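Below you will find one chain, with nothing else, as structure tokens; this is the form predicted alone, and questions on how it binds or moves follow later.
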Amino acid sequence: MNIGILTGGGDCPGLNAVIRAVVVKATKHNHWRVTGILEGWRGLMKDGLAREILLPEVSGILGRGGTILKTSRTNPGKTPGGYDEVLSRSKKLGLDAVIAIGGEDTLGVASALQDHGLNVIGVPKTIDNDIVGTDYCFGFDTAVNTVMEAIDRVRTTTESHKRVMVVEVMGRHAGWIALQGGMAGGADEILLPERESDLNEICALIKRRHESGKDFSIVVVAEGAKVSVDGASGKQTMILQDGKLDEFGHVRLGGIGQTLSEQIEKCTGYETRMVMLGHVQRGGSPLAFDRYLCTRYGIEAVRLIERKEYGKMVCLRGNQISSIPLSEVAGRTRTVSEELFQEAALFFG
């Protein structure tokens, strides 16, 4: 048995831990060959981007950030004949199955390739934690802890200078990082992509807080949050992007924190600063929870191949590792419910 493994989309803490688990389980215990596919799906669209991974190579990578297989946001579906190229190279490499580690885009391609005849297993990876069918995607817990620690650090300087601090975090369509990181860090307001916020209401809350004797505030905003602003041409939605699209059609986000901080200072008169955490959230070593989860995901991915249960994604339900059809995952997003947001809102102001 020869199984391929690839990491697609953005990097995040824990990728190497999954690779390690797959290689150890498949080669040491099953005596299978593991072929590492470099640069995500691009590795199955070009020659020379695949090589065998042996046990010594995965020794010591459990806690290493990034991915030894490199990654890209390549979408075979955007290239004429792209899926056929992937199938052809998979056959050329002698792959019996492919383990695709990635987020909604990578797994969407995996689902399509399963329909085209490639045996695929998915592993959910995204710090946004927005993949349906699983309670946790790996990388999320480490990212939330990074956000919490950042809020703890900016709190001392914000309080000392009696400022308002806007902390921009990742979260395109789902605000899980903003919600959990903000709650863990004691944020005074949290803005999510799932619900539109009003600038006047944000400023009114900050004013009430400062007038009550609390002379500093921390606002956490997800990069995909929508904030309505009353302008000369009426109410507009403030959302920042640079207009560039990746191969999956996503607009690059980032910058709402800066504009929001300027608007808050103009509206309230309080000195306001902004911190954009950006790629700091996805860099560095995975914490214990993610290392453990990744190891279990990698083992289960190989077990699914043993049972020939292709076309599935491993998942976590409660504390049990299970699986779900990739077809139920593709094209769907797991978002923050209004109930969970209202729990956070109890602590605003």
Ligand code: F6P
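Nothing here was measured: the structure is a model prediction, and the numbers come from that model. Throughout, we count residues from 1 along the sequence that is shown.
The same protein also exists as the form predicted in complex with 6-O-phosphono-beta-D-fructofuranose (F6P); that form is not shown, yet it is the one meant from here on.
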Worksheet item: Which among 210 to 218, 125 to 133, 111 to 119, 80 to 88 is in contact with 6-O-phosphono-beta-D-fructofuranose (F6P) in the predicted bound form, heavy atoms within 4.5 angstroms?
Response: 125 to 133
Discussion item. So 6-O-phosphono-beta-D-fructofuranose (F6P) isn't shown here. In the predicted bound form, which residue out of 195, 172, 161, 155 has a non-hydrogen atom within 4.5 Å of it?
Written reply: 172
Discussion item. On the criterion of a non-hydrogen atom at 4.5 angstroms or closer, are 20, 64 and 284 all touching 6-O-phosphono-beta-D-fructofuranose (F6P) in the predicted bound form?
Written reply: no
Practice prompt. Classify residue 223 as contacting or not contacting 6-O-phosphono-beta-D-fructofuranose (F6P) in the predicted bound form by the rule of any non-hydrogen atom within 4.5 angstroms, answering yes or no.
Written response: yes
Discussion item. Using a 4.5 angstroms cut-off on non-hydrogen atoms, would residue 92 count as touching 6-O-phosphono-beta-D-fructofuranose (F6P) in the predicted bound form?
Written reply: no
Worksheet item: So in the predicted bound form, does any heavy atom of residue 279 sit within 4.5 Å of 6-O-phosphono-beta-D-fructofuranose (F6P)?
Response: yes
Practice prompt. Could you list the residues in 7 to 39 that come within 4.5 Å of 6-O-phosphono-beta-D-fructofuranose (F6P) in the predicted bound form, counting only heavy atoms and keeping sequence order?
Written response: 10
